[in-house]
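Only one chain is shown below, in structure tokens, and it's the form predicted alone.
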């Protein structure tokens, strides 16, 4: 790699100083960097030079937290004045298209955009096409794609480590577009493109009435069938995948921070039967689990090497497509919706 190119420090800015933009790192229980501002501030390759938010209190709090003096209520002014290389978009998805348009027109090199990518498939397509046309990297922050343990778990399953996949279940909270966006993207990451969805609105409450919980089934083109099951986040948080194969069982638990593995052995209870026994995972899990810093490191790698992100705009669009398909199915009382969707009248409002 060209040493001069490797030594370049990129100038980054953030639009949206709320939870994922900055405030998650104010939580004393979080042991890893959990915000865009935190990830940039901990990078040797990036200078976080400016932040923007309409909320002056959040803006000033973020600036003080990370030592940023260039604070803007108008992100367009920030783009004009700061000559940014990277922009994080940490606002509601209804604003993403306009911000991405302005960022691309300002000469930005890369955009790290929060999920869901947009509020409609049409707007997602416009974002993806615009960035492709201008040569701008559009990376969607489906964080688990950047985590080594999740990638190794996917590789283990895809290489046949669990044998043939018999059943997959996923448990989540807090809305099909909010947390559900991570769930649906992760399922695509593990099992590929989706054939159809068949779902209903859940009785488990979501904190956002515009982003309901949805329960049902997803069928992948490779034949894998997965159930989606939601819970009420006011009772407890859960984000877990349970994958049962013919050779074993792998569970990704505690929001992706832990693994459980079970291997098939002869039953010690019943003659002629086999059972699943808790065993050491075939994947090393005691490694640093820095989702956000890994996302930023990957973005830098893409900039320096001209690579496409492993969480591209197309991947973000595909996750949004699944969210829209789920809504279409639930609105039709569980009608099976076949993919792909070229367009959808569904409009998604989420953070």
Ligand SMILES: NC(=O)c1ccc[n+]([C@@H]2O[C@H](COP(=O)([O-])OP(=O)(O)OC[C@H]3O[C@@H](n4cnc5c(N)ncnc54)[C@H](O)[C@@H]3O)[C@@H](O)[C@H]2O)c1
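Remember, it's a predicted structure, so these values are computed and weren't measured experimentally. Residue numbers count along the first chain shown, from 1.
The form predicted in complex with the named molecule exists for this protein as well; it is not shown, and the discussion that follows is about that form.
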So in the predicted bound form, does any heavy atom of residue 120 sit within 4.5 Å of the named molecule? no
Please determine whether residue 95 contacts the named molecule in the predicted bound form, using a 4.5 Å cut-off between heavy atoms. yes
Contact label in the predicted bound form: residue 35 to the named molecule, heavy atom within 4.5 Å: no
Considering only heavy atoms, tell me if residue 287 and the named molecule come within 4.5 Å of each other in the predicted bound form. no
Interface stretch in the predicted bound form with the named molecule - options 138-146, 227-235, 160-168, 199-207, non-hydrogen atom within 4.5 Å: 138-146
Counting any non-hydrogen atom inside 4.5 Å, which residue from 174, 243, 90, 108 sits next to the named molecule in the predicted bound form? 90
Those residues of 44-69 which, in the predicted bound form, come within 4.5 Å of the named molecule by heavy atom: 52, 53, 54, 55, 58
